[in-house]
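One chain follows as structure tokens, the form predicted alone.
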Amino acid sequence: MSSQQDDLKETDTEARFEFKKEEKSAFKSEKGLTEETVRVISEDKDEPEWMLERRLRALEQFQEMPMPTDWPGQPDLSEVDIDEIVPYIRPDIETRGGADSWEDLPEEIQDTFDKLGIPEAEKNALSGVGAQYESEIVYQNMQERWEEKGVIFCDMDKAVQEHEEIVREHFMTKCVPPSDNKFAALHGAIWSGGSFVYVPENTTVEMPVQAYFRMNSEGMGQFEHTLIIAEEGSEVHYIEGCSAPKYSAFNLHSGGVEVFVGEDAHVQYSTVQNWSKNTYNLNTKRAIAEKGGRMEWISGSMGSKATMLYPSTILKGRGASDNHITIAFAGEGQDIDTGAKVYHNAPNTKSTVESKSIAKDGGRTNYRGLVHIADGAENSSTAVECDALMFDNESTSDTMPYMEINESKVDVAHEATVGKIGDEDIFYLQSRGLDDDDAKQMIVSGFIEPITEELPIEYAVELNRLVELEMEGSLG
């Protein structure tokens, strides 16, 4: 085992996420969102005219849409002031589009990703890695054997330049248009960085690819865009990690994800988000699955002041399927509003949603979901299961499922449970030699096991440790 591996194993997980670096940038936009800001971002990236036009149209839509305030029980967004956000910070590195080696990055950026364990994970468990720092990808690599099979894994800015035709066809046109919601429009205007993944027909990428997004600067916004295209009969697992240190000013994360699942293709999208408690996490993620295509979302969300995250899938082709597994953790001062949306638009489609939420110290979690079964989508089925675990009487957990069933020949099931950690459970485990904290952690670990068992072992261990730290109140 390398000394670096030893160091990582001995590094406290809290320290790996809570550290801060002095801000160093090659270019930093002014605060706020104006047409001039959008033009400056596009010019700095040397984008084609069509992308600038799309950004400007998205800006118009953003300015026309009201801030969402009328959803029942939604998180308070009154603190979110776009005029106080720095939307674009280009890190100070020599190579635009990402270095080919970790050693080519500035020392402070190297150190950031070393602490997060990304280079070590790349060696041991991944087919490819992308690392974003502030507004741009700083490192990108794909194993040669996958490149030889035609697999593309690069940053979105590079994809706009080198794979222009396919990006122009898919980027915020069919899956997540800017008109979808105010924050999708915001994203469309000032997106930067993110990942582009293309998997050719009948190609299985056997090891996951991962992108890691790190916000380091105070008062910034991060708006990465992920575009995944899996052609017929292909298979890929994409893992996304996110984190940021805590500052006094709020940060905003408003990413966009578009996934195209071809006929009989299979895409798994796993994300572990550990934002600081001054971050608003407001994303739009959607997949479209063709005939026989399979989409899986596995999401762990914690750490932010407020989260509104509802990955959605449109089951477009006969026999397409979707599986959502989510975990949400809310502590003091946190409002984590997560869920799933599934649209059954073809016959014989299937969806399952499993949601696990944990609340303590007055935190709030909420499952907000939608299942729509269209007229003619006969022999389709859906099952939604929501389980909530609370530590105290001050915490709350809500469930807001919504079903739109327009076809009679379907199977629909929904189940929801809410429970508190019982004194008798704690007493039983204490009688077996565990102290109070260890007993609670064991109960929670068992509660979230259906999610962690779906992740590669390295990420399952990390997720469990993050939950433990949230229970201790250690993370910012």
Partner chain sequence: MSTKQLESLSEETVRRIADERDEPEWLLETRLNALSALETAELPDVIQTPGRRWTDLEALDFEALVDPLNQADETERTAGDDEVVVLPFTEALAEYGDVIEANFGSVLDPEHNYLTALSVALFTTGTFVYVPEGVDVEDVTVRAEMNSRSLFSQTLVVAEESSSVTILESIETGDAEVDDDRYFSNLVEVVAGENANVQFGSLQNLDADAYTYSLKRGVTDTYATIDWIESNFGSKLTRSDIETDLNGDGSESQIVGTFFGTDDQHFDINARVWHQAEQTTADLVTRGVLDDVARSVYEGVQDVGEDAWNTSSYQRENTLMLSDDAEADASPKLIIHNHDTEASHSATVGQVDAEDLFYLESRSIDSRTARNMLVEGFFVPVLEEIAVDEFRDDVEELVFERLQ
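Positions refer to the first chain, counted from 1. Treat the numbers as computed from the prediction; the structure is a model and nothing was measured.
The discussion below concerns the form predicted together with the partner chain, not included here.
- Not displayed here, the partner chain is kept clear of M67 by more than 4.5 Å at the level of heavy atoms in the model of the complex.
- The partner chain is not shown here, but in the model of the complex it comes within 4.5 Å of a heavy atom of A416.
- Of the heavy atoms in I166, none are within 4.5 Å of the partner chain in the model of the complex.
- The closest heavy atom approach of N393 to the partner chain in the model of the complex falls within 4.5 Å.
- Here the chain stands by itself, but in the model of the complex one stretch of 41-49, 57-65, 431-439, 418-426, 418-426, has heavy atoms within 4.5 Å of the partner chain.
- In summary, among the residues E354, D264, D398, D361, the only one with a non-hydrogen atom within 4.5 Å of the partner chain in the model of the complex is D398.
- This chain is drawn without the partner chain; in the model of the complex, the residue among I152, I405, V160, I82 with a heavy atom within 4.5 Å of it is I405.
- Annotation for 47-80: interface residues with the partner chain in the model of the complex are W71, P72 [heavy atom within 4.5 Å].
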